[in-house]
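In the form predicted on its own, a lone chain appears below as C-alpha coordinates.
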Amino acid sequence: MYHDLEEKYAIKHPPLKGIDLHVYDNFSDKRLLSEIRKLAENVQGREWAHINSTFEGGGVAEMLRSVIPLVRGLGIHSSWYCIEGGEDFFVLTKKFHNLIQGVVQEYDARDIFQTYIETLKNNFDGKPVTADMTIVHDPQPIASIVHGEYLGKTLWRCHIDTSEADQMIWNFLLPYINHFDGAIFTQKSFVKPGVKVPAYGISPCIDPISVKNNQYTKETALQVLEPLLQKYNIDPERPMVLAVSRYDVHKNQPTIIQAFKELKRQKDIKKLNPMLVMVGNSASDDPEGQAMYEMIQKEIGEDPDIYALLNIPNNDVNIGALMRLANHFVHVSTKEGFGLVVTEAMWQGCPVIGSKVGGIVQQVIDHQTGFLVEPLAVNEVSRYMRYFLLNPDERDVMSKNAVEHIRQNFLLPNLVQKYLVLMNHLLGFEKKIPYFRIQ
(Lines give C-alpha, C1' and ligand atoms only; values in the text may rest on other atoms or scores of the structure.)
Protein backbone atom coordinates (compact mmCIF):
# COMPACT_ATOMS: atom_id res chain seq x y z
CA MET A 1 0.00 0.00 0.00
CA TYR A 2 1.34 3.43 -0.88
CA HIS A 3 2.39 5.66 1.98
CA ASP A 4 2.67 9.37 2.64
CA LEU A 5 6.23 10.51 3.44
CA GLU A 6 5.30 12.13 6.74
CA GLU A 7 2.99 9.30 7.76
CA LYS A 8 5.55 6.55 7.19
CA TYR A 9 8.76 8.35 8.15
CA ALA A 10 7.50 10.65 10.88
CA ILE A 11 10.44 9.80 13.12
CA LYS A 12 13.21 9.64 10.53
CA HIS A 13 12.07 12.69 8.54
CA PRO A 14 10.39 15.69 10.14
CA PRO A 15 7.50 17.29 8.24
CA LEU A 16 8.42 19.21 5.11
CA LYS A 17 7.56 22.65 6.44
CA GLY A 18 6.56 25.42 4.08
CA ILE A 19 9.20 27.99 3.24
CA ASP A 20 8.82 31.58 2.05
CA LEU A 21 9.68 32.41 -1.54
CA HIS A 22 11.83 35.28 -0.22
CA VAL A 23 14.62 32.81 0.55
CA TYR A 24 15.32 32.74 -3.19
CA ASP A 25 15.67 36.51 -3.56
CA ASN A 26 19.45 36.28 -3.87
CA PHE A 27 19.36 33.53 -6.46
CA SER A 28 16.56 34.19 -8.93
CA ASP A 29 15.27 37.05 -11.05
CA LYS A 30 12.72 39.21 -9.21
CA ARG A 31 10.31 39.10 -12.16
CA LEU A 32 10.27 35.31 -12.02
CA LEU A 33 9.54 35.31 -8.28
CA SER A 34 6.76 37.86 -8.78
CA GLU A 35 5.19 35.67 -11.47
CA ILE A 36 5.31 32.66 -9.17
CA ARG A 37 3.39 34.56 -6.49
CA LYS A 38 0.69 35.59 -8.98
CA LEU A 39 0.33 32.04 -10.32
CA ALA A 40 0.05 30.67 -6.78
CA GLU A 41 -2.76 33.08 -5.83
CA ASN A 42 -5.23 31.30 -8.15
CA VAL A 43 -4.57 27.86 -6.69
CA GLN A 44 -4.07 28.63 -3.01
CA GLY A 45 -5.85 26.05 -0.89
CA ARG A 46 -5.85 23.50 -3.72
CA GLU A 47 -4.13 20.12 -3.36
CA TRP A 48 -1.13 19.03 -5.44
CA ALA A 49 0.17 15.47 -4.99
CA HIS A 50 3.20 13.51 -6.19
CA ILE A 51 3.48 9.73 -6.61
CA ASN A 52 6.81 7.92 -7.07
CA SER A 53 8.60 4.75 -5.99
CA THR A 54 11.12 5.88 -3.36
CA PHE A 55 11.42 8.53 -0.67
CA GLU A 56 15.21 8.26 -0.63
CA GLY A 57 17.91 8.02 -3.31
CA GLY A 58 17.86 9.49 -6.78
CA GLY A 59 17.10 12.88 -8.29
CA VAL A 60 13.30 12.65 -8.17
CA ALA A 61 13.20 12.20 -4.39
CA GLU A 62 15.75 14.96 -3.98
CA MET A 63 13.72 17.44 -6.04
CA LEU A 64 10.48 16.64 -4.25
CA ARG A 65 12.08 17.40 -0.89
CA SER A 66 12.54 20.96 -2.16
CA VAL A 67 9.47 21.42 -4.35
CA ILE A 68 6.98 20.51 -1.62
CA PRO A 69 8.16 23.01 1.05
CA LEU A 70 8.23 25.84 -1.50
CA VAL A 71 4.74 25.01 -2.78
CA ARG A 72 3.41 24.75 0.77
CA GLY A 73 4.90 28.15 1.53
CA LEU A 74 2.85 29.53 -1.37
CA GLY A 75 -0.38 28.34 0.29
CA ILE A 76 -0.89 25.18 -1.78
CA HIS A 77 -1.50 21.86 -0.05
CA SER A 78 1.14 19.46 -1.32
CA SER A 79 1.62 15.80 -0.45
CA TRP A 80 4.00 13.04 -1.49
CA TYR A 81 3.05 9.38 -1.78
CA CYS A 82 5.29 6.42 -2.46
CA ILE A 83 4.25 3.01 -3.74
CA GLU A 84 5.56 -0.15 -2.10
CA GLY A 85 6.71 -3.33 -3.81
CA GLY A 86 8.76 -6.44 -3.27
CA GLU A 87 12.17 -7.17 -4.73
CA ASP A 88 10.58 -8.87 -7.75
CA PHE A 89 8.64 -5.67 -8.52
CA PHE A 90 11.75 -3.48 -8.49
CA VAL A 91 13.79 -6.00 -10.48
CA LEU A 92 11.08 -5.92 -13.14
CA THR A 93 10.72 -2.12 -13.16
CA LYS A 94 14.51 -1.79 -13.41
CA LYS A 95 14.21 -3.85 -16.59
CA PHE A 96 11.52 -1.41 -17.74
CA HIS A 97 13.93 1.43 -17.03
CA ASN A 98 16.67 -0.21 -19.09
CA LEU A 99 14.35 -1.11 -21.96
CA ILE A 100 13.04 2.45 -22.10
CA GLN A 101 16.65 3.58 -22.50
CA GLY A 102 17.25 1.13 -25.34
CA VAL A 103 19.08 -1.65 -23.45
CA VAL A 104 17.98 -5.16 -24.40
CA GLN A 105 16.51 -7.04 -21.42
CA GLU A 106 14.72 -10.35 -21.12
CA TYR A 107 11.46 -10.47 -19.21
CA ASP A 108 8.46 -12.74 -18.93
CA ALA A 109 5.20 -11.11 -19.97
CA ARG A 110 3.50 -12.97 -17.12
CA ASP A 111 5.57 -10.91 -14.68
CA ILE A 112 3.86 -7.79 -15.96
CA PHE A 113 0.48 -9.07 -14.85
CA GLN A 114 1.46 -11.17 -11.84
CA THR A 115 4.02 -8.77 -10.38
CA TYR A 116 3.74 -5.29 -11.85
CA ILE A 117 0.00 -4.76 -12.23
CA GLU A 118 -0.91 -6.72 -9.08
CA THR A 119 1.55 -4.64 -7.03
CA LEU A 120 -0.07 -1.41 -8.22
CA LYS A 121 -3.57 -2.75 -7.64
CA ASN A 122 -2.60 -3.65 -4.08
CA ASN A 123 -1.06 -0.22 -3.50
CA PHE A 124 -4.14 1.70 -4.58
CA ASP A 125 -6.87 -0.68 -3.42
CA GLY A 126 -9.41 1.45 -1.55
CA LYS A 127 -7.10 4.49 -1.49
CA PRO A 128 -8.17 7.10 -4.06
CA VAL A 129 -5.87 10.07 -4.64
CA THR A 130 -8.08 13.09 -4.07
CA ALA A 131 -5.69 15.90 -5.09
CA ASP A 132 -6.71 18.55 -7.61
CA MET A 133 -3.51 17.80 -9.56
CA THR A 134 -1.26 14.76 -9.25
CA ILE A 135 2.11 14.20 -10.90
CA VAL A 136 3.04 10.53 -11.30
CA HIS A 137 6.80 10.12 -11.68
CA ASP A 138 8.46 7.57 -13.98
CA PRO A 139 7.42 4.04 -15.04
CA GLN A 140 7.11 2.33 -11.65
CA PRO A 141 3.67 3.79 -10.76
CA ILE A 142 2.47 4.65 -14.30
CA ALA A 143 -0.16 1.87 -14.49
CA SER A 144 -1.88 3.29 -11.41
CA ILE A 145 -3.68 5.68 -13.78
CA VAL A 146 -5.80 2.65 -14.78
CA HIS A 147 -5.49 0.35 -11.77
CA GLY A 148 -5.76 3.08 -9.14
CA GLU A 149 -8.19 5.97 -8.71
CA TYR A 150 -7.40 9.67 -9.22
CA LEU A 151 -10.14 12.22 -8.60
CA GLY A 152 -8.35 15.24 -10.07
CA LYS A 153 -6.12 16.13 -13.02
CA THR A 154 -3.13 13.89 -13.64
CA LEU A 155 0.25 14.26 -15.36
CA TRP A 156 2.87 11.62 -16.05
CA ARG A 157 6.39 12.96 -15.47
CA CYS A 158 9.07 11.01 -17.36
CA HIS A 159 12.59 11.64 -16.06
CA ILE A 160 14.14 9.10 -18.46
CA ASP A 161 15.62 9.42 -21.94
CA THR A 162 12.97 7.59 -24.01
CA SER A 163 14.34 8.51 -27.44
CA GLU A 164 15.49 4.93 -28.18
CA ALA A 165 12.94 3.02 -26.12
CA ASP A 166 12.33 -0.62 -26.96
CA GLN A 167 9.18 -0.65 -29.09
CA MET A 168 7.44 -3.42 -27.11
CA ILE A 169 7.83 -1.68 -23.78
CA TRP A 170 6.82 1.63 -25.35
CA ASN A 171 3.68 -0.01 -26.76
CA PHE A 172 2.94 -1.33 -23.27
CA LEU A 173 3.34 2.11 -21.69
CA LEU A 174 1.48 4.15 -24.33
CA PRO A 175 -2.10 3.26 -23.28
CA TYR A 176 -1.25 4.30 -19.73
CA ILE A 177 0.43 7.54 -20.86
CA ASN A 178 -2.63 8.42 -22.92
CA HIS A 179 -4.94 8.01 -19.92
CA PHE A 180 -3.28 11.01 -18.25
CA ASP A 181 -4.28 14.62 -18.84
CA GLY A 182 -0.75 15.34 -20.04
CA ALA A 183 2.83 14.11 -20.03
CA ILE A 184 6.01 15.94 -19.06
CA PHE A 185 9.36 15.17 -20.70
CA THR A 186 12.75 16.77 -20.21
CA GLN A 187 13.07 17.60 -23.91
CA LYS A 188 11.23 17.28 -27.20
CA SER A 189 13.37 14.44 -28.57
CA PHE A 190 12.09 12.16 -25.79
CA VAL A 191 8.48 12.30 -27.05
CA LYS A 192 8.07 9.20 -29.18
CA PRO A 193 5.20 8.56 -31.62
CA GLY A 194 1.87 7.55 -30.14
CA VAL A 195 1.64 10.13 -27.36
CA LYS A 196 -1.82 11.61 -27.87
CA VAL A 197 -2.11 13.72 -24.74
CA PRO A 198 -0.49 17.17 -24.52
CA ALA A 199 3.26 16.89 -23.91
CA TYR A 200 5.26 19.52 -22.06
CA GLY A 201 8.99 20.17 -21.83
CA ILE A 202 10.21 20.88 -18.30
CA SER A 203 13.82 20.53 -17.19
CA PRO A 204 14.60 19.40 -13.66
CA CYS A 205 16.29 21.92 -11.37
CA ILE A 206 18.32 22.07 -8.17
CA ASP A 207 17.53 23.88 -4.96
CA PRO A 208 20.18 26.52 -4.20
CA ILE A 209 19.23 26.65 -0.51
CA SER A 210 19.59 22.90 0.07
CA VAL A 211 22.52 21.63 2.10
CA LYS A 212 24.13 19.97 -0.91
CA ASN A 213 23.95 23.09 -3.04
CA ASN A 214 25.36 25.50 -0.50
CA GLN A 215 28.13 27.26 -2.42
CA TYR A 216 31.26 26.59 -0.39
CA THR A 217 34.52 28.44 -0.24
CA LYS A 218 37.55 26.19 -0.71
CA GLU A 219 38.47 26.63 2.96
CA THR A 220 35.00 25.61 4.17
CA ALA A 221 34.94 22.66 1.78
CA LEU A 222 38.20 21.39 3.23
CA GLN A 223 36.87 21.67 6.77
CA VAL A 224 33.67 19.83 5.85
CA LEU A 225 35.56 17.04 4.09
CA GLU A 226 38.26 16.46 6.70
CA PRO A 227 36.67 13.31 8.25
CA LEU A 228 35.92 11.79 4.82
CA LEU A 229 39.37 12.55 3.43
CA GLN A 230 41.02 11.02 6.48
CA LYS A 231 38.82 7.92 6.36
CA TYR A 232 39.79 7.13 2.76
CA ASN A 233 43.32 8.56 2.94
CA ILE A 234 42.60 11.14 0.20
CA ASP A 235 45.13 13.98 -0.11
CA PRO A 236 43.21 17.24 -0.82
CA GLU A 237 46.37 18.91 -2.14
CA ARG A 238 46.36 16.66 -5.19
CA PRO A 239 44.29 17.72 -8.24
CA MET A 240 40.96 15.91 -8.09
CA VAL A 241 38.95 14.62 -11.03
CA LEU A 242 35.46 13.91 -9.69
CA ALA A 243 32.57 11.72 -10.85
CA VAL A 244 29.34 11.34 -8.88
CA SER A 245 26.38 9.17 -9.90
CA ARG A 246 24.54 5.98 -9.15
CA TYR A 247 26.55 2.88 -10.03
CA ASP A 248 24.55 2.01 -13.12
CA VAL A 249 25.38 0.64 -16.56
CA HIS A 250 24.16 3.85 -18.21
CA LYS A 251 26.42 6.05 -16.09
CA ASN A 252 29.39 4.58 -17.95
CA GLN A 253 31.96 4.71 -15.15
CA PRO A 254 34.35 2.31 -16.98
CA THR A 255 34.99 4.96 -19.66
CA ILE A 256 35.94 7.48 -16.96
CA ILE A 257 38.32 4.98 -15.36
CA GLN A 258 39.96 4.09 -18.68
CA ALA A 259 40.33 7.78 -19.61
CA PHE A 260 41.96 8.57 -16.27
CA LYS A 261 44.40 5.67 -16.59
CA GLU A 262 45.34 6.95 -20.04
CA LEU A 263 45.77 10.46 -18.62
CA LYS A 264 48.23 9.24 -15.99
CA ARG A 265 50.54 7.79 -18.63
CA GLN A 266 51.31 11.26 -20.03
CA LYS A 267 54.62 12.73 -18.84
CA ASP A 268 53.42 16.29 -18.20
CA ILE A 269 50.58 14.92 -16.05
CA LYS A 270 52.66 12.60 -13.88
CA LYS A 271 54.25 15.53 -12.05
CA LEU A 272 50.77 16.87 -11.14
CA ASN A 273 49.87 13.54 -9.51
CA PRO A 274 46.07 13.76 -10.05
CA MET A 275 43.52 11.41 -8.53
CA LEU A 276 40.08 10.24 -9.61
CA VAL A 277 37.37 10.19 -6.95
CA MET A 278 34.14 8.38 -7.84
CA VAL A 279 31.16 8.55 -5.51
CA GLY A 280 27.91 6.63 -5.86
CA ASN A 281 24.75 6.08 -3.87
CA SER A 282 22.37 3.16 -3.94
CA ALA A 283 18.63 3.76 -4.35
CA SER A 284 15.95 1.53 -2.83
CA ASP A 285 14.27 1.09 -6.23
CA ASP A 286 17.51 0.05 -8.00
CA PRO A 287 18.49 -3.57 -7.26
CA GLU A 288 21.50 -3.57 -9.64
CA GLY A 289 23.64 -0.94 -7.89
CA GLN A 290 25.75 -3.27 -5.74
CA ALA A 291 26.61 -5.58 -8.63
CA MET A 292 27.63 -2.62 -10.77
CA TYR A 293 29.81 -1.26 -7.96
CA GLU A 294 31.64 -4.58 -7.72
CA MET A 295 32.22 -4.58 -11.49
CA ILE A 296 33.71 -1.09 -11.27
CA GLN A 297 36.04 -2.18 -8.50
CA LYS A 298 37.39 -4.86 -10.87
CA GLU A 299 37.86 -2.21 -13.58
CA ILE A 300 39.90 -0.09 -11.17
CA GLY A 301 42.05 -3.03 -10.14
CA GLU A 302 45.04 -2.08 -7.99
CA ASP A 303 45.27 1.54 -9.16
CA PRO A 304 46.08 3.56 -6.02
CA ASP A 305 44.98 6.86 -7.57
CA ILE A 306 41.34 5.90 -8.12
CA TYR A 307 38.86 5.95 -5.23
CA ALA A 308 35.40 4.42 -5.67
CA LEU A 309 33.21 5.35 -2.70
CA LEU A 310 29.73 4.01 -1.97
CA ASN A 311 27.05 5.58 0.25
CA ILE A 312 29.37 8.03 1.99
CA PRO A 313 28.24 9.53 5.33
CA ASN A 314 26.71 13.02 5.36
CA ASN A 315 26.18 12.60 1.66
CA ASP A 316 24.63 15.98 0.80
CA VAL A 317 27.22 18.01 2.68
CA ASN A 318 30.19 16.01 1.41
CA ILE A 319 29.08 15.87 -2.23
CA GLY A 320 28.73 19.65 -2.47
CA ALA A 321 32.11 20.13 -0.81
CA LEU A 322 33.80 17.62 -3.13
CA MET A 323 32.40 19.45 -6.15
CA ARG A 324 33.79 22.72 -4.85
CA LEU A 325 37.21 21.16 -4.27
CA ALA A 326 37.48 19.24 -7.56
CA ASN A 327 39.41 20.55 -10.54
CA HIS A 328 36.67 19.34 -12.87
CA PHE A 329 33.76 16.92 -13.08
CA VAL A 330 33.16 14.04 -15.52
CA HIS A 331 29.72 12.68 -16.42
CA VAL A 332 29.67 10.68 -19.66
CA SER A 333 26.44 8.70 -19.41
CA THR A 334 25.35 6.67 -22.40
CA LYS A 335 21.75 7.58 -21.53
CA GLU A 336 20.61 10.46 -19.36
CA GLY A 337 17.19 11.96 -18.78
CA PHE A 338 18.75 15.17 -17.49
CA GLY A 339 21.67 14.67 -15.12
CA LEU A 340 21.02 16.76 -12.01
CA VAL A 341 24.48 15.90 -10.75
CA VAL A 342 25.86 17.95 -13.66
CA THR A 343 23.74 20.88 -12.52
CA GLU A 344 25.03 20.52 -8.98
CA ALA A 345 28.66 20.40 -10.05
CA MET A 346 28.33 23.48 -12.27
CA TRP A 347 26.58 25.37 -9.46
CA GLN A 348 29.65 24.73 -7.30
CA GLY A 349 31.83 26.22 -10.04
CA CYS A 350 33.12 22.86 -11.24
CA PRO A 351 33.27 22.75 -15.07
CA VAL A 352 32.09 19.51 -16.65
CA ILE A 353 33.18 17.02 -19.26
CA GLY A 354 29.78 15.68 -20.29
CA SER A 355 28.43 13.33 -22.93
CA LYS A 356 26.32 14.49 -25.84
CA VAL A 357 23.19 12.75 -24.59
CA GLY A 358 19.86 13.69 -23.03
CA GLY A 359 19.62 16.75 -20.83
CA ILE A 360 23.39 17.07 -20.43
CA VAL A 361 23.51 19.07 -23.67
CA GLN A 362 21.13 21.64 -22.17
CA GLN A 363 23.63 22.29 -19.41
CA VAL A 364 27.13 21.88 -20.78
CA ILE A 365 27.75 24.55 -23.39
CA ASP A 366 30.71 23.22 -25.34
CA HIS A 367 33.92 25.19 -24.69
CA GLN A 368 32.02 27.64 -22.45
CA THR A 369 30.85 25.78 -19.34
CA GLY A 370 32.78 22.58 -20.11
CA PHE A 371 33.27 20.13 -22.96
CA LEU A 372 30.87 17.78 -24.74
CA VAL A 373 32.10 14.37 -25.88
CA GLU A 374 30.77 11.13 -27.28
CA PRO A 375 30.01 8.81 -24.33
CA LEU A 376 32.58 6.11 -25.17
CA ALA A 377 35.32 8.38 -26.51
CA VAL A 378 38.03 7.45 -24.00
CA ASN A 379 40.77 9.43 -25.78
CA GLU A 380 38.63 12.56 -25.99
CA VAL A 381 37.64 12.39 -22.32
CA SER A 382 41.29 11.94 -21.38
CA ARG A 383 42.31 14.88 -23.57
CA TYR A 384 39.87 17.24 -21.84
CA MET A 385 40.89 15.99 -18.40
CA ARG A 386 44.42 16.98 -19.39
CA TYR A 387 43.25 20.38 -20.67
CA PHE A 388 41.58 21.28 -17.36
CA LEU A 389 44.60 20.21 -15.33
CA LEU A 390 47.11 22.15 -17.47
CA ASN A 391 45.07 25.31 -18.14
CA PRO A 392 43.89 26.72 -14.79
CA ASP A 393 42.98 30.18 -16.14
CA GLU A 394 40.70 28.80 -18.86
CA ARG A 395 39.28 26.38 -16.32
CA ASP A 396 38.39 29.29 -14.01
CA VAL A 397 36.59 31.16 -16.82
CA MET A 398 34.47 28.10 -17.53
CA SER A 399 33.79 27.79 -13.80
CA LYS A 400 32.23 31.27 -13.67
CA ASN A 401 30.26 30.63 -16.85
CA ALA A 402 28.91 27.40 -15.39
CA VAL A 403 27.59 29.05 -12.24
CA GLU A 404 25.81 31.78 -14.17
CA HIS A 405 24.27 29.33 -16.67
CA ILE A 406 22.72 27.34 -13.83
CA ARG A 407 21.55 30.50 -12.06
CA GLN A 408 19.61 31.64 -15.10
CA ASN A 409 18.08 28.32 -16.14
CA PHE A 410 18.11 25.47 -13.65
CA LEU A 411 17.29 26.64 -10.13
CA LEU A 412 14.16 25.51 -8.26
CA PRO A 413 12.00 28.61 -8.89
CA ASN A 414 12.27 27.95 -12.66
CA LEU A 415 10.81 24.48 -12.14
CA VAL A 416 8.02 25.55 -9.78
CA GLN A 417 6.99 28.38 -12.11
CA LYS A 418 6.34 25.90 -14.94
CA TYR A 419 4.48 23.51 -12.67
CA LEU A 420 2.25 26.35 -11.49
CA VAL A 421 1.56 27.40 -15.09
CA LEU A 422 0.40 23.83 -15.72
CA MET A 423 -1.72 23.75 -12.59
CA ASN A 424 -3.44 27.00 -13.54
CA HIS A 425 -4.07 25.65 -17.04
CA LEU A 426 -5.36 22.23 -15.97
CA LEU A 427 -7.69 23.69 -13.32
CA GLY A 428 -9.14 26.20 -15.78
CA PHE A 429 -7.66 29.46 -14.44
CA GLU A 430 -5.64 30.03 -17.61
CA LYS A 431 -6.96 29.10 -21.07
CA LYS A 432 -3.74 29.96 -22.87
CA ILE A 433 -1.65 26.92 -23.83
CA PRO A 434 1.53 26.80 -21.71
CA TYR A 435 4.49 28.22 -23.59
CA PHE A 436 6.57 25.09 -22.93
CA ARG A 437 4.15 22.67 -24.63
CA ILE A 438 6.21 20.65 -27.11
CA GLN A 439 3.59 18.55 -28.91
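For every residue, the number given is its place in the sequence shown, counted from 1. Computed from a prediction, not measured in an experiment: that's the story for all the values here.
Same protein, other form: the form predicted together with a small molecule, not shown, and the subject of what follows.
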| query | finding |
| --- | --- |
| Contact label in the model of the complex: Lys251 to the small molecule, heavy atom within 4.5 Å | yes |
| Heavy atom of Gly289 within 4.5 Å of the small molecule in the model of the complex | no |
| Exercise: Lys212 in contact with the small molecule in the model of the complex, heavy atom 4.5 Å | yes |
| Partner contact for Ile319 in the model of the complex: the small molecule, 4.5 angstroms, heavy atom | yes |
| Non-hydrogen atom within 4.5 Å of the small molecule in the model of the complex for each of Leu64, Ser79 and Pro141 | no |
| Contact assignment for the small molecule in the model of the complex, among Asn327, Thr255, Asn281, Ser203, heavy atom within 4.5 Å | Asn281 |
| Selected contact from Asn122, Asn178, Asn315, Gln105, since only one has a non-hydrogen atom within 4.5 angstroms of the small molecule in the model of the complex | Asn315 |
| Proximity to the small molecule in the model of the complex (heavy atom, within 4.5 Å), stretch among 366-374, 404-412, 54-62, 391-399 | 54-62 |
